[in-house]
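As a starting point, one isolated chain is supplied in structure tokens, in the form predicted alone.
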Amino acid sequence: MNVGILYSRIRKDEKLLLTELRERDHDVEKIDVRKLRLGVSTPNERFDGLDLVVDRCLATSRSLYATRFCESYGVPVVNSHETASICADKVQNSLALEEAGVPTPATTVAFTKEAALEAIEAFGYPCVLKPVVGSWGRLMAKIDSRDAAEAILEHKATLGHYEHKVFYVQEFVEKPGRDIRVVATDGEPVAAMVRSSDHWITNAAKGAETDVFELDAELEELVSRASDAVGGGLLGIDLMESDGGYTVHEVNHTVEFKALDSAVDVDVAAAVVDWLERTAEPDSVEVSA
């Protein structure tokens, strides 16, 4: 098949995918979104003849626009623009999970400092304030007191960008020093790992230690439901353990998997390419023996 890879930087994750695709004799077109010009009425010729485009953009804005243009040009893209739109925005993410009946942390959204402070006080301390758009655990704050809440809210309100004036307040979930990351393709788990840290943020990007995690039937079903809630695709599903059971706190649409690949025996890139081959039009796929 002819595969386009949308990227802004080739990281280890993209290298793993590119190597696997080329070893199977698929034709790969690397498309640097920083150099793209996307015409509304005239499709960019870089997309001609592609059976599938894989979105690996780092910037959320580029990802959302590029996937929308792919769909306008009639080129299949993973993940879809709809899935990207839901996953890229924590508010939409939480709403989708809640509406699908997937257990997710209690969350309140406010649009002024005053309303946000009331939401924080209603949750009690500690609670968590997150940016509506962002990854790698950046700009997240665990709020332990009213003084801290007032200072952080004032800081966000003066940053200028409208997204900082959407206050996403979430309950603090007491977890056992770790969370669970599952990479799944259309709800089917590829592999899972735990990310452990003494810090309350347990992202691998923040230095958390990783180890393999075996999913049971309950978690497999939860992963499938979370995937369906956001429209399916190649996803990173993050879960936490608590006294009340498992809760899904986020679903990621341009999931990084290098840490997972190092932690488990599964060849994650190979499993992803298996899925890409199934996702592409059947008459365009030539799977190597």
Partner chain sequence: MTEDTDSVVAEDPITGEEIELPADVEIGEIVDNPVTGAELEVVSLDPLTLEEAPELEEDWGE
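Positions refer to the first chain, counted from 1. All of these numbers come straight from a predicted model, not from anything done at the bench.
FYI, the form predicted together with its partner chain isn't displayed, but the following is about it.
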I'd like to check something about residue 37: if you look in the model of the complex, is any of its heavy atoms closer than or equal to 4.5 Å to a heavy atom of its partner chain? no
Does residue 252 reach its partner chain in the model of the complex if we count a contact as any heavy atom within 4.5 Å? yes
Is residue 225 a contact residue for its partner chain in the model of the complex, using a 4.5 Å heavy atom cut-off? no
Answer yes if any heavy atom of residue 268 is within 4.5 Å of a heavy atom of its partner chain in the model of the complex; otherwise answer no. no
Heavy atom within 4.5 Å of its partner chain in the model of the complex: which of 142, 165, 199, 138? 138
Pick from 66-74, 39-47, 226-234, 255-263: which stretch has a heavy atom within 4.5 Å of its partner chain in the model of the complex? 255-263
